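For reference, the chain that follows is the form predicted on its own, supplied as structure tokens.
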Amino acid sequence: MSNIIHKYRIHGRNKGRKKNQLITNVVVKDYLLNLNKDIDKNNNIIVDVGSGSGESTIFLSKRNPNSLIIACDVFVDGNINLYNEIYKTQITNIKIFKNNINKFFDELKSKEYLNEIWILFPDPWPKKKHHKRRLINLNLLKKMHYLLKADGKVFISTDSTPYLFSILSNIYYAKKIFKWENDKPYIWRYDLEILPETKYCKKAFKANKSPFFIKLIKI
């Protein structure tokens, strides 16, 4: 049991300090992902990795009304915000997986399930001693390649230049399995496209940073 906990360990807090009002448990169950039921009955599946407070999930839901959007995050407060927003707006194409994305990937029983995977503003873990905690690495890229359908896409954003260099290094080593579509500096700016205005996106713009946006397509 301890080995399983360690395998899917998330560094940092999974709950904020503020109290948040949760809708009834009966309603919450309606929005939790049922792997066997929800995956099998949907032909177009988009995964929002690290969905936070749900801004990106809501954005993807509205832009892709005929797709199943899976929000994947362990952060309790963010999931509660998303639960409440789904309930308030009566959105029907979102399901929540409230655990580690690696656990979600490992629980999928076969390959080529997913159409798109979005990873917006993952924690850059700037200190060198914490670099091993960074989400995006070659192993994750290989997992995503296995689970994406033909021509499936991965979208990644960051406002951290050191983390960008790390991501690009991993993309280079994965060049046989992914094609980098927007591989020119003048077309990888986040503000050049209509994209979710998440908490961290707004924080980056407020700090006069220009976030990077990367598009990968499965080969």
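Small disclaimer: the values here were computed from a predicted structure and weren't measured. The first residue of the sequence shown is number 1, and the count goes up from there.
Note that the form predicted in complex with a small molecule isn't included here; everything after this is about it.
Checking 163-171, 65-73, 177-185, 36-44 against the small molecule in the predicted bound form, the stretch whose residues place heavy atoms within 4.5 Å of it is 65-73. Of the listed positions (Ile96, Ile101, Met144, Ile86), a single one reaches within 4.5 angstroms of the small molecule by any non-hydrogen atom in the predicted bound form, namely Ile101. Highlighted residues Leu60, Ile117 and Gly152: none comes within 4.5 Å of the small molecule in the predicted bound form, counting any heavy atom. At a distance threshold of 4.5 angstroms between non-hydrogen atoms, Ile80 is out of contact with the small molecule in the predicted bound form. Residue contact with the small molecule in the predicted bound form: Lys209 places no heavy atom within 4.5 Å of it. In the predicted bound form, Ile91 stays away from the small molecule, with no heavy atom inside 4.5 Å.
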